[in-house]
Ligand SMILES: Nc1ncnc2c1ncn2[C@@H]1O[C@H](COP(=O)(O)OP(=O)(O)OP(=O)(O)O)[C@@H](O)[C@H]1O
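The chain that follows stands alone, in the form predicted on its own, written as structure tokens.
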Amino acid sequence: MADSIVIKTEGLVKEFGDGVRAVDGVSFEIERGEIVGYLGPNGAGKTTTIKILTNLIKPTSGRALINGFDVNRHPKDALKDVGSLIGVPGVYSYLTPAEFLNYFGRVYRMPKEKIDQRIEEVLKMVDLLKWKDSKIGTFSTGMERRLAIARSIFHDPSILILDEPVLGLDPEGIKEIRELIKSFQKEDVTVFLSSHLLDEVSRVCDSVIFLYGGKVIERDSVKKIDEILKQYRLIDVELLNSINEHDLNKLKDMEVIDQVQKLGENRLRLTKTDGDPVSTAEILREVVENGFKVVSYSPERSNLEDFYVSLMKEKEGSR
């Protein structure tokens, strides 16, 4: 495996006893220093993939490699430079953050001087230093989540594997974790994270892997996806009167409109694929000239969520 590739999966398959294939031939590569998002609906196979990558479960077939080592055959070598956050971390309510991290430092067999140094460093990084000696049982969900991330980076790993790192956090907590993850890239840390918050992924990640039904259906850079989405305009339209089938067909026949979706009794979403504001103005003019009484007209550029939804619809349509 090339030195620049730090995480690699080759045809990963995981079947469970009930015949369900949770992961179905998943292959991807992640380069050193990348922040990669892993997206998919519930049951797509995200957590199963991550559990294979961290040796919590073994694949039915295929391989997962980290730094060139097969995770399931040589877990000690593969995972020695990996920090992970998977599921809801255990809460040690009777400990303080200093005691909690000291325990994990000893598990990692770190020297006492290094443990003391890292306690100060990581608690400062996750903005918990002032609560260093407070009982964890008094912490909010966001504080507990930040402490769990502190634990995952305590041994100074160069690779982080995070499953829903902002789960259960309020907007302020999400923003804090977002900035923390982005700061890791400055230290050349590779981050692989699953998330259902598409807006957060677009703000943090370099590229995105889309998973559906256990299969990778798309992978691209966030920058390239953003360039594609610049070509699309979504136009939410509210009409004075109710929309019937005749109205929908009339709109679909207009050459300036690419797609028409009924959202409610008198609400529509129109799609135009060239992204030109002049075109959206032309659409409004033609809609009005065809006798539709427009109450509101709101053009918006598509975002990562729209891209994701379109992929899901396309996949559903092919089944």
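Don't overthink the numbering: it's just position in the shown sequence, from 1. Computed from a predicted model, the values in this text were never measured in an experiment.
The discussion below concerns the form predicted together with the named molecule, not included here.
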Partner-contacting position among A64, A44, I283, L270 - heavy atom within 4.5 Å of the named molecule in the predicted bound form: A44
Contact check for E10, F28 and V201 against the named molecule in the predicted bound form, heavy atom at 4.5 Å: no
Close approach of H196 to the named molecule in the predicted bound form, 4.5 Å, heavy atom: yes
In the predicted bound form, E144 touching the named molecule (heavy atom, 4.5 Å): no
Contact test in the predicted bound form: N55 vs the named molecule, heavy atoms, 4.5 Å: no
Stretch in contact, per heavy atom within 4.5 angstroms of the named molecule in the predicted bound form, of 285 to 293, 261 to 269, 248 to 256, 44 to 52: 44 to 52
